[in-house]
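Here you get one chain, nothing else, as structure tokens; it is the form predicted alone.
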């Protein structure tokens, strides 16, 4: 098939059957969302939300679209807005990777970087405060709001959730990382609708407050949050696993060296959660276990795949443990 634009090739990403030492008791599958056009699962929601907003007349060519993003959603929105001739402003923070910042600067109409951390040590609440100010000051603007917009969950219900249900004959477990909550909300509802007994396991980062954790500074974007997203109310999940940043880094490297998968931070978190969850467990029949791997590893070259950066994280963790 010939496409008129790379942005037309959203979805239908590979589902890979993995053979993993220590997990022989399950049938393990990885949904490789990094094969979307701009490199992440966020292509699905960006393309879907913009199409819905334009079709309904909620936005037009004069509307300034604004969003707070740790990277992937900002990259996706920058790309799709530019292709549609829409004005897009992105509010980011110092944790954004240099790679993502370069792309957003090139493709968006305005990049605003906050510098003051919020009370949790992160920047999300500061970014939201900037969004609220822009909504007051700009005469014709629209906040995409991945944290509360029902279209975000709807996008994953109709695409990612539907795809994995069609790709497998039976789903017993789905593991996916949580940040804005849209992927969890939409995917979980579709999977539970098709396979009511499926277990949805939400994976979060230590230091995130989404599931009642104690807030602390986090360094890996794309998973975890300084607030509980409203859209989480729509999610159907059975368990929550918290992963620390050291385990995330180690499992990203394991995916690369053992499985040739160059993935982002939240993929490492999900993989770490799966290995922890199923360690030592025995089943009469191997269950089908799906891991959602949200993005590729290239934009983490200066962080997770940089030895000096990793050493700095290990040093910080060691200091915390000795306090």
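Positions refer to the first chain, counted from 1. In this text the structure is predicted, and so the values were computed from the model without any measurement.
One more form of this protein, predicted together with a small molecule, exists but is not displayed; see below.
Among the residues 188, 248, 72, 208, the one placing a heavy atom within 4.5 Å of the small molecule in the model of the complex is 72. Of the candidate stretches 235-243, 130-138, 171-179, 104-112, only 171-179 has residues with heavy atoms within 4.5 Å of the small molecule in the model of the complex. At the 4.5 Å threshold, heavy atoms of residue 122 stay clear of the small molecule in the model of the complex, well away from it. A residue is said to contact a partner when one of its heavy atoms sits within 4.5 Å of a partner heavy atom; residue 42 meets this definition for the small molecule in the model of the complex. In the model of the complex, none of the heavy atoms of residue 268 sits within 4.5 Å of a heavy atom of the small molecule. The small molecule is not drawn, but in the model of the complex it has a heavy atom within 4.5 Å of residue 183.
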